[in-house]
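One chain comes next, on its own, written as structure tokens: the form predicted on its own.
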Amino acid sequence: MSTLQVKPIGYALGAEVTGVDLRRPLEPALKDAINDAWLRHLVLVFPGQDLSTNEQIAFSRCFGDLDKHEFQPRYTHPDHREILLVTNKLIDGKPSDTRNTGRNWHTDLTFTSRPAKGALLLCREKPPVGGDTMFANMYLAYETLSQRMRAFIDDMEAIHDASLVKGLEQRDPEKVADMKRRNPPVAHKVVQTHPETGRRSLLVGQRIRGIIGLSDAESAALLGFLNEHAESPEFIYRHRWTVNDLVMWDNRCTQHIALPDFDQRQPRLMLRCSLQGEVTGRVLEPAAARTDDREALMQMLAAVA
């Protein structure tokens, strides 16, 4: 087996992995060692991995089935549906619709009933300065809440909505309409249990419409507190990209944000594989997507008055 070296690079999460060439097939023992490190550190950084598209796909498949991005099929690699292109480069002579992807705190694909298990993002081109990504440890975000707050939110569900993806209004209107049609609002539990580690984590972020059973004002107050808490510096690792970095994160217990801290005239090209996760949410009917029960009651009374 290769001499695998795992060095922590963040207090809350994050480790650099060296001593392995990801272009070569993984031996079972090496795959298990990488998976163990992933579960322990949540975010793994593999520097200097000059992978072809097929090699990235093959390595990613070692850790689960790959999503073919049916939720947004127009943003995938022309020859490999398993690869999502995250870039500000022109595509077919037009600005890419993924140039501003990930600009608010989120966990991948929570606007579907089946959020990603994880993702593997390969940096192919980057601006000279900036373009960083920040990751937050959502185990710690949950575990550091007071016992009373944990008990209060444990059985709550939140409404995740694709229309809240930041920068969506800058994309092609036809593509946006298609994305919204494919992805109606979905309810997920605010507190999730990791299927492999058994630890509980917080599932919040800035793509949530509200909390079921609370008024809009109550939802805003609670989500505001939980989001501010989850984004505390002590829970965060900030990755400064280098070309040929492959970063692998556990989507079941983290959230992240892609920072716009770079000159958009400089090219940025990232290739992402997403691992299919378990079904953890339920698609909401239009009436169930409301969060303000009082407002709904008032409208009903007005209708019969």
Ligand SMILES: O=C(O)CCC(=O)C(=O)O
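Remember, predicted model here, so these are calculated numbers, not experimental data. Just count from 1 along the sequence shown to find any residue number.
What comes next is about the form predicted in complex with the named molecule, which does not appear here.
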Within 4.5 Å of the named molecule in the predicted complex, heavy atom basis, the matching stretch of 241-249, 27-35, 61-69, 45-53 is 241-249
Contact with the named molecule in the predicted complex, heavy atom within 4.5 Å, among V186, A230, V86, V190 goes to V86
If we test each of E82, D161, D97, D108 for a heavy atom within 4.5 Å of the named molecule in the predicted complex, the one that passes is D108
task: Tell me, yes or no, whether H41 is in contact with the named molecule in the predicted complex, where a contact means a heavy atom of each within 4.5 Å.
output: no
Touches the named molecule in the predicted complex: G102 (any heavy atom, 4.5 Å) = yes
Is it the case that L275, even though its partner is missing from this view, gets within 4.5 Å of the named molecule in the predicted complex, heavy atoms only? no
Within 4.5 Å, heavy atoms only: does L223 come near the named molecule in the predicted complex?
no
Applying a 4.5 angstroms cut-off on non-hydrogen atoms, the residues of 251-271 near the named molecule in the predicted complex are H256, A258, R268, M270
